[in-house]
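There is one chain below, alone, in structure tokens, taken in the form predicted on its own.
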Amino acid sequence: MKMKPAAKVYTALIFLFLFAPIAILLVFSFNGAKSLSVFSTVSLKWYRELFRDAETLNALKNTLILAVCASVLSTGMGTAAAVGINKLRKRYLRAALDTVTNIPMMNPDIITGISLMLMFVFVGQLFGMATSLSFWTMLIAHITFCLPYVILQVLPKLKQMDPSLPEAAMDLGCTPLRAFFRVEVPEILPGVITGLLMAFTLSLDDFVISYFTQGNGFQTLPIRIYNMTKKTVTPKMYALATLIFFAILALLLLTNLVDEDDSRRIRAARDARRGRRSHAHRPGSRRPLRIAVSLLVVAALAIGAIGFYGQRAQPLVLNVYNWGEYVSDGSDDSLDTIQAFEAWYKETYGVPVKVNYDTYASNEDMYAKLKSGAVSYDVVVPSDYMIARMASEDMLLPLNFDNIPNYRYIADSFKGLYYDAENRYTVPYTYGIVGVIYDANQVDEADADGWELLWNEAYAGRILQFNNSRDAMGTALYRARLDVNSTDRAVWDEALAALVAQHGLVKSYVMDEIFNMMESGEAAVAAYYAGDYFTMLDAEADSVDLRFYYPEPTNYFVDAMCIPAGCQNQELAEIFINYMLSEEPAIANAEYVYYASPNRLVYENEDYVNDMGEEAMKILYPNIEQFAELYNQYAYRNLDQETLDYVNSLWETLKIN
């Protein structure tokens, strides 16, 4: 039957909609430039970068180990459960179990993830554990959401099977167990393999549930990609996604082969009943068994790798929790700071140390994890207002500066700031100032002044605004020269009115999306951080001329290294902080993240100054000596909960309308 022209067009549009994004991803994985929106030359650069990125490859290894273990265990448990359900004779009990089986699939992932996290925390605290989340909690979570899919794949095969077959085998002398493995398993094997492959794919892809059940030192690939928020996601992730796409495609083809083999066996059995020659014993009919054995061998090897991974002798372990893309990681020929510390520590103290380096996307994410007691970290790097909150809630330990002699290199203007007035809890890591980024090819230089540019009607539809309440309302308050830390609701109402007036001019409310939109020339004006402006310069299209300035007044912020109250080894944590202040890693980190450093070993280093260039130094370090005065006047402070709730309600009103 031929398809009608309209049906062909409709089918083509569906396939275009489904596969165009994948095609774009594949093409840009071979882009020689850093831009994620403008193609320059064909290159394998990002594939080479990918295989030099130890952290990403480690996350990939973790993801594969987790997926293999979760799929194998859930397949075994799910097959047993399906057999049990199939043998039930009471219809109401069977219906009840079917309903229970469907709940994990119908329940939103975020609810499942939070529920499991709370359960793990409760059990951990019940048994007095220092940390409740680990690889094992994530494995249990993955088994939980994979089980229903396996059951639903195996049950139909059990229903298709002639129930008299195992009974006949037992009549001929088989034990029930032998009859199950020799008669039933070959009949349901295609469903078992399909369930295994589906469980593997679901586990490989999961982010939400993994995010809430993740423990120290075990980061999966989806979480790794999500946490790349301090800088734009690099094209090496496109390269990795391309490789994963083809791996998943191979799995789907494998599943289709299993299904085709199953159909062939059914046809052979039907032909046999009709007196024709049976094809059940052709070589192809044993393909599912060979596939299953191969997959189980791979699973066994992976589980063995887990045992090796977990049993490696590590006398010392340091758990570090930092922003994504906020430390030099060895890419672009930079220093791999974490590996360098491990090597330095072993050489200096003669003892190996393992650094479990995890990342987060926001201060609030980090705070929630630590506050819940689900995880324990030795070093964290929050922003100023969050430090003040954590200190007020006794979530930080006072530092022993005898173990941090390099603290003397921190400029005096970064000491005694409001969030740590007595210099007890923190060592400044980076700082920054919010400015305005604009495309000189689209914006008149005469208009590039102050916050007014973000409200200029001449650039309607080309303006980007922050996609969070504090920063977006901050631009309105700085523009009106009002207190950004006010508790007066009338002040926040005025900020909302300004954002409502701006709303018709805004192209989009963004955070990390700003990189692609400004680099490609899709937008003309945006407020963002000075350090990220230089990241955008590296990838801007030839048709774009990005420039930057500081409006007055504006936001000043500091991110600092701290030790949480749940720290397991404070002395080692302080040694790590001291190492981060030493010259080589401090300069490498500053060059990699493009944020300003309060460390004199960095901004007074001639090589660093020359590498950054005169323009970058003027933008990143405009007023070091006066920083404390400006910071204490214009930085965000931790608002009381009532004011925060009111600000968030105003923000929701703006976004809904």
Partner chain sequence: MSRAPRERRNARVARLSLAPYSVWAVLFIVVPLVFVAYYAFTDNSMRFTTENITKFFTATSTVLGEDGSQQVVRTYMVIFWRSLKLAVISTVICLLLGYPTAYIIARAAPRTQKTAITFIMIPMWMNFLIRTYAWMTILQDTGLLNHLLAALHLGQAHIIGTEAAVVIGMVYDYFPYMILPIYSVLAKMDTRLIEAAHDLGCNNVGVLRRVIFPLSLPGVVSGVTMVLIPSISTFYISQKLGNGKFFLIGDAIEGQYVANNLHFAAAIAFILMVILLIAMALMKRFTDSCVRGGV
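Source: prediction; values computed, not measured. Only the largest set of C-alpha atoms that superpose within 1.5 Å between the two forms is called the rigid core. Positions refer to the first chain, counted from 1.
One more form of this protein, predicted together with the partner chain, exists but is not displayed; see below.
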| query | finding |
| --- | --- |
| Any non-hydrogen atom of R470 within 4.5 angstroms of the partner chain in the predicted bound form | no |
| Non-hydrogen atom contact Y425 with the partner chain in the predicted bound form at 4.5 angstroms | no |
| D171 within 4.5 Å of the partner chain in the predicted bound form, heavy atoms | yes |
| Exercise: Y556 in contact with the partner chain in the predicted bound form, heavy atom 4.5 Å | no |
| Triple contact flag V183, G330 and E584 to the partner chain in the predicted bound form, non-hydrogen atom at 4.5 angstroms | no |
| Residue stretch of 574-582, 407-415, 428-436, 87-95 approaching the partner chain in the predicted bound form, non-hydrogen atom distance within 4.5 Å | 87-95 |
| Of L204, V484, A388, A476, the one that lies within 4.5 Å of the partner chain in the predicted bound form (heavy atoms) | L204 |
| Answer option from L118, V491, L537, L158, heavy atom within 4.5 Å of the partner chain in the predicted bound form | L118 |
| Heavy atom within 4.5 Å of the partner chain in the predicted bound form - qualifying residues of 633-657 | Q641, D645, N648, W651, E652, T653, K655, I656, N657 |
| G76 C-alpha moves between this form and the one not shown by 2 Å or more, core aligned | no |
| Rigid core superposed: L397 CA moves 2 Å or more between this form and the one not shown | no |
| Cα displacement of T11 between this form and the one not shown reaching 2 Å, rigid core superposed | yes |
